[in-house]
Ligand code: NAP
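What follows is a single chain, given as structure tokens, in the form predicted alone.
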């Protein structure tokens, strides 16, 4: 049995779809906080169980009969380390034989605020003694939907990544890689990034070519970027995290030359320009 945590999330649903192309629905468990939101998965023959990272008793029950567990990283910053400790303890108690975890690209040295918990999670999983895989995802193409829409509407967008190259790929690409690892219980550390990298100035060119109008990328200081994000209504903690991520992206921490993603999915990743066109097409 393959169990996927966070199965109703944006990445989780793509992982479930990718797994269904590889294994029978009866071999998949969707572990979700609210089973009512997974009724469509249950209708496909997938086992749906309640699993709340903050409620250990739900994890113990959810992981029963699980051979392979995919832990999709949570988004409750400040609580994630304790959550991972609970998940791993429950996995060991349930006799899980293989764990895969969605981490961050270049996790060994990545200085991003968002990378801190990933490093801890990797250490906890390694210390568990359970065979494992670290799926070190770079950025999602979809992270730039707002920038694409804003650039098209206003002829410009802002960021703080300067000339740093970003090796992003589509969520579906990373989901296919995760499904390949889970279906084959492929242990190892996989640095996952897009087949081609770009700067945000390059992204501005892509948007301009798609709209037929010039689009500019304005690089600002991280503090100014965070302040502007807050002004747009982004919560303070998230605004600071995004600005911090851009600051380190400027130094290349979201770039990788690894072809692990291509190898796992058997094709080139979705190019950013394709995502730009899809977003602008509505």
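Fair warning: this is a prediction, and the values are worked out from it, not measured in the lab. Residue numbers count along the first chain shown, from 1.
The same protein also exists as the form predicted together with this ligand; that form is not shown, yet it is the one meant from here on.
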Counting only non-hydrogen atoms, the one stretch of 257-265, 270-278, 20-28, 6-14 within 4.5 angstroms of this ligand in the model of the complex is 6-14
Check residue 143 for me: does it contact this ligand in the model of the complex (non-hydrogen atoms, 4.5 angstroms)?
yes
Is there a non-hydrogen atom of residue 171 within 4.5 angstroms of a non-hydrogen atom of this ligand in the model of the complex?
yes
Heavy atoms within 4.5 Å of this ligand in the model of the complex: does residue 88 have any?
no
Quick one: does residue 74 come within 4.5 Å of this ligand in the model of the complex, counting heavy atoms only?
yes
If the criterion is a non-hydrogen atom within 4.5 angstroms, does every one of 161, 189 and 251 touch this ligand in the model of the complex?
no
Would you kindly say which of 218, 37, 47, 64 lies with a heavy atom within 4.5 Å of this ligand in the model of the complex?
37
Heavy atom within 4.5 Å of this ligand in the model of the complex - residue from 157, 98, 198, 139:
139
Near this ligand in the model of the complex, with a heavy atom at 4.5 Å or closer, the residues from 39-66 are 51, 52, 53, 54
